[in-house]
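In the form predicted alone, a lone chain appears below as structure tokens.
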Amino acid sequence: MRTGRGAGLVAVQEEMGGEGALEIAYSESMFNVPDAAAALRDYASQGYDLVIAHGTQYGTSLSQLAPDFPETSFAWGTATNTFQAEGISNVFAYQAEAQQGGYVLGTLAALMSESGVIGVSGPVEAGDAKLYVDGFKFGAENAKAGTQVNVSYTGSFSDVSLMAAAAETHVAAGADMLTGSSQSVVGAIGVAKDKGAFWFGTQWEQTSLAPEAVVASQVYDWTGIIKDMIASHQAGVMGGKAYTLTFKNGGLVIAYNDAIEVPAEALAAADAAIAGIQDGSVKPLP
């Protein structure tokens, strides 16, 4: 099995009995789509059971590749299209409902902000990155009237310098709270640290990157999805399932940085937002 789901895969591997029970191989920095498509074909050709293409940019390549390897299960995200309408039966899809945690973190940011200005730096307007940005903006504006949320997109998932420049622009415009999505946020987090702004993360726990700046992170827990994909393949179900990560199913978790004190009012509002999203009384998108 060749995949790229990081900590979730390692956790599943350990639960299954280690490397002898589950083999993991991966390719990093596959930002060039043709290169990624070639890597996917190579993995499938070697007989791995599940090949995961993590990125909305890989959907077209996967839909063209999957029919050539009917005994291989493929997965991609963040999306919900399994290509069944095109007659393809061996593709799983997964989507993080990132707007949920975005709404909660936006609530926190608005209630903690002294300037009333928040800067959001996204990579590309697609997938969970856009969901997160939209949810964050909506949550911040609902939490405190008059909050100004400035949103920009760099157009790149990987360009750290562009993300840093975007964060610099937001700080220059008065933002004391920053957030963003994608691997490139390390650039923006560095700016938050240097400029004395607070940062809110998504996808993974980001506190270690700047313990004095990161307030909280929305963390994706992929273990349940990965385990179900493996079990489905072993049972002869090659694909056709679309999974989601939510607060309700435990796929989304807010992880706080204990080194930063969050006002009680903000914590209470965040908890109320999570409860409301779970019971349906709060809509995290406009």
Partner chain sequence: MSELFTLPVLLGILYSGIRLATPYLYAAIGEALSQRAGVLNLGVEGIMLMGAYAAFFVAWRTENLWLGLGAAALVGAAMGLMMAYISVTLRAVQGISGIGLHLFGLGLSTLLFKTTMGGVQSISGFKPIRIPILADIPLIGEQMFNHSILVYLAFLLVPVAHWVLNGTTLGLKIRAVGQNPAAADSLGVSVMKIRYLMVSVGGMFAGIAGASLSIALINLFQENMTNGQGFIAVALVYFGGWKPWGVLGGALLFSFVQALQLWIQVKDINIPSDIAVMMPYLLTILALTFAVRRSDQPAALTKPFERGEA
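These figures come from a predicted structure and were not determined experimentally. Positions refer to the first chain, counted from 1.
Keep in mind that the form predicted together with the partner chain is not shown, yet the notes after this line are about it.
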Practice problem: Can you check 128-136, 108-116, 76-84, 150-158 and let me know which stretch has heavy atoms within 4.5 Å of the partner chain in the predicted bound form? | Solution: 150-158
Exercise. Considering only heavy atoms, tell me if N142 and the partner chain come within 4.5 Å of each other in the predicted bound form.
Key: no
Quiz item: Taking heavy atoms and a 4.5 Å cut-off, does A166 contact the partner chain in the predicted bound form?
Solution: yes
Practice problem: Please run the contact check for Q183 against the partner chain in the predicted bound form: heavy atoms, 4.5 angstroms, yes or no? | Solution: yes
Quiz item: Can A93 be called a contact residue for the partner chain in the predicted bound form at 4.5 Å between heavy atoms?
Solution: no
Quiz item: Are all three of V33, R41 and G55 close to the partner chain in the predicted bound form, meaning a heavy atom of each within 4.5 Å?
Solution: no
Quiz item: What residues in 56-77 sit within 4.5 Å of the partner chain in the predicted bound form, counting heavy atoms only?
Solution: none
